[in-house]
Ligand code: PXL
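Next up is one chain by itself, shown in structure tokens, the form predicted alone.
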């Protein structure tokens, strides 16, 4: 079995975070492991408001020892880290164990929020983890934070942001695109330092997108673990997330995830 790890928060509702990552790894036929950095909960008595409970430094380090020293992996990704020591420990183990296939999902905000969780922590992620990333997968909000370009609203600005982020150390930049005005396709953007490519798929009319960012970064990481070149890993991940979101569903009145196993279950139980 190809072994792969996610360093991320646990989503108690199951739609995002390490739960989304493990579901994705399974669909790619990989053996997934987790280093839990925090637990995210949602309050049903307060409009699904989020609470975050970071794990201790010893707990995070002990998990990393289990994964990287005790087992070993072909690839790893990080999601919501939630503390400065989690950033430092992630850098330490990705560097020490020479994990080339490292995907950085620079989670800076919970879905529905409009401000970065912790600007100083985000700066630490950019400084310490971007240079280790084979692929970094910001959404537009995160690309604004990493690049310093505010209110990105067109392809030219996305291309400028990708160039700035690349110059900060990431070997490949994949920006999960917004619904640009007049767009008739779902557009994401890939930059390798030389070429800028727009990757398109069907534009889905759905609000059930909880965990989409986690899923696509996990799929890219899984593709790298399977020895796909970065661009091919991104293209396959784009197909994977499109299929998942096309079968999204309402979890409750507030949120709904995609369905990573939709392609499989539709064949098995049709």
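From a predicted model like this one, the values you see are computed outputs, not experimental measurements. Positions refer to the first chain, counted from 1.
Beyond what is shown, the protein has a form predicted together with the named molecule; the following relates to that form.
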Using 4.5 Å between non-hydrogen atoms, is residue 260 touching the named molecule in the predicted complex? no
Contact with the named molecule in the predicted complex for residue 238, defined as at least one heavy atom pair within 4.5 Å: yes or no? no
Using 4.5 Å between non-hydrogen atoms, is residue 204 touching the named molecule in the predicted complex? no
Any non-hydrogen atom of residue 40 within 4.5 angstroms of the named molecule in the predicted complex: yes
Only one of these stretches, 207 to 215, 60 to 68, 240 to 248, 225 to 233, has heavy atoms within 4.5 Å of the named molecule in the predicted complex; which one is it? 207 to 215
Would you kindly say which of 125, 152, 89, 107 lies with a heavy atom within 4.5 Å of the named molecule in the predicted complex? 107
Can you tell me which bits of 48 to 72 touch the named molecule in the predicted complex, meaning any heavy atom within 4.5 Å? 50
